[in-house]
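In the block that follows, a single chain appears as structure tokens, in the form predicted on its own.
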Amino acid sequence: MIHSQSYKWFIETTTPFEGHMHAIARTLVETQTKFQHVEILQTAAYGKTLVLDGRIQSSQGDEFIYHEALVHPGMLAVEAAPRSALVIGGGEGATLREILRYSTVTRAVMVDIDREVVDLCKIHLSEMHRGAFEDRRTELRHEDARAYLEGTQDRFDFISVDLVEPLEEGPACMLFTKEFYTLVRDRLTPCGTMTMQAGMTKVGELAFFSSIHRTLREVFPVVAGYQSFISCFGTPWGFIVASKKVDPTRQDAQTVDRLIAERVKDPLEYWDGATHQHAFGLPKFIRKAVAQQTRVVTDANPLIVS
């Protein structure tokens, strides 16, 4: 951090050669859990912000963009209205919150290994979870997500993978492999879908997005990448839908708007038919990187983000 005028500044490096800065009004939480370093900062521009291992996860000001983009393209691609959902990660509870906006959902399981982070978010980030943890449909579990998937016989209409990228070789690496995505596929219902955050989609930083896209194509019949600009990240951000049946790129704006009206209880702030068309309309250089990528990420050859 650096000091300037009356603010301290949080500097996040987005690549080894670039970064961006946020003015901090105050630090609400800073601690080390068993799994990661956690900060909850009150920023001058974006309000409360969750930072894990030095990387911003979401901010009060624009988290609706990230979480609506993460959840709704997958939920709207479930052929029949979704009834069950699983969140892998998702500490703030905002991914869970978006899923619970579907009145047809009767069960929403969230598996986040770090109980301390979730407990801190419950206390300090009520603006993000908005009571999702107390919803009678919610089942919160603190355990290894891969072990949970290996052990359960339950099936879900929708699974969202909301995890930090694997910054070093460790347990997180095993949640970004062909073997893991095969487990996810096998825990989906016949018309189920999965979504995940898939890293930056900026020039020169497409290795993670394109490798995960390539890996998912080994497992799912339908794989569709899309992006949204997340202001507090300072960069466009990639997401992927992997589906057993419905291809979200074939859903036109009118279809998306109709499905939102039918399925979602409250008005969305970010996602609609026009946004859907824009997000899935990836520019040429990203399409080229995806088409040329040959790497399949496996347990034996995991992906580490620098």
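Note that residue numbering begins at 1 and tracks the sequence as displayed. Keep in mind that this is a model prediction, so the values were computed, not measured.
The same protein also has a form predicted together with ligand SAM, omitted here; what follows describes it.
Fill in: Interface stretch in the predicted complex with ligand SAM - options 208 to 216, 76 to 84, 106 to 114, 183 to 191, non-hydrogen atom within 4.5 Å
That would be 106 to 114.
Worksheet item: Should residue 45 be counted as a contact of ligand SAM in the predicted complex, where contact means heavy atoms within 4.5 Å?
Response: No, no contact at 4.5 Å.
Discussion item. Since only the chain is shown here, I'm wondering whether residue 66 would be in contact with ligand SAM in the predicted complex (any heavy atom pair within 4.5 Å).
Written reply: Yes, residue 66 is a contact residue.
Worksheet item: Closest heavy atom of residue 119 to ligand SAM in the predicted complex, within 4.5 Å or not?
Response: Contact check for residue 119: no, nothing within 4.5 Å of ligand SAM in the predicted complex.
Discussion item. Please tell me whether any heavy atom belonging to residue 240 falls inside 4.5 Å of a heavy atom of ligand SAM, as the geometry stands in the predicted complex.
Written reply: Residue 240: no contact with ligand SAM in the predicted complex.
Discussion item. Quick check on this chain: which one of 134, 143, 150, 139 has a heavy atom within 4.5 Å of ligand SAM in the predicted complex?
Written reply: Here the answer is residue option 143.
Fill in: in the predicted complex, the residue from 223, 100, 172, 200 that sits within 4.5 Å of ligand SAM by heavy atoms
It is 172.
Worksheet entry | Contact at 62, 229 and 268 by ligand SAM in the predicted complex, all three, heavy atom at most 4.5 Å | No, none of 62, 229 and 268 comes within 4.5 Å of ligand SAM in the predicted complex.
Worksheet item: Using a 4.5 Å cut-off on heavy atoms, what residues in 43 to 60 are near ligand SAM in the predicted complex?
Response: Stretch hits, in order: 50, 52, 56, 57.
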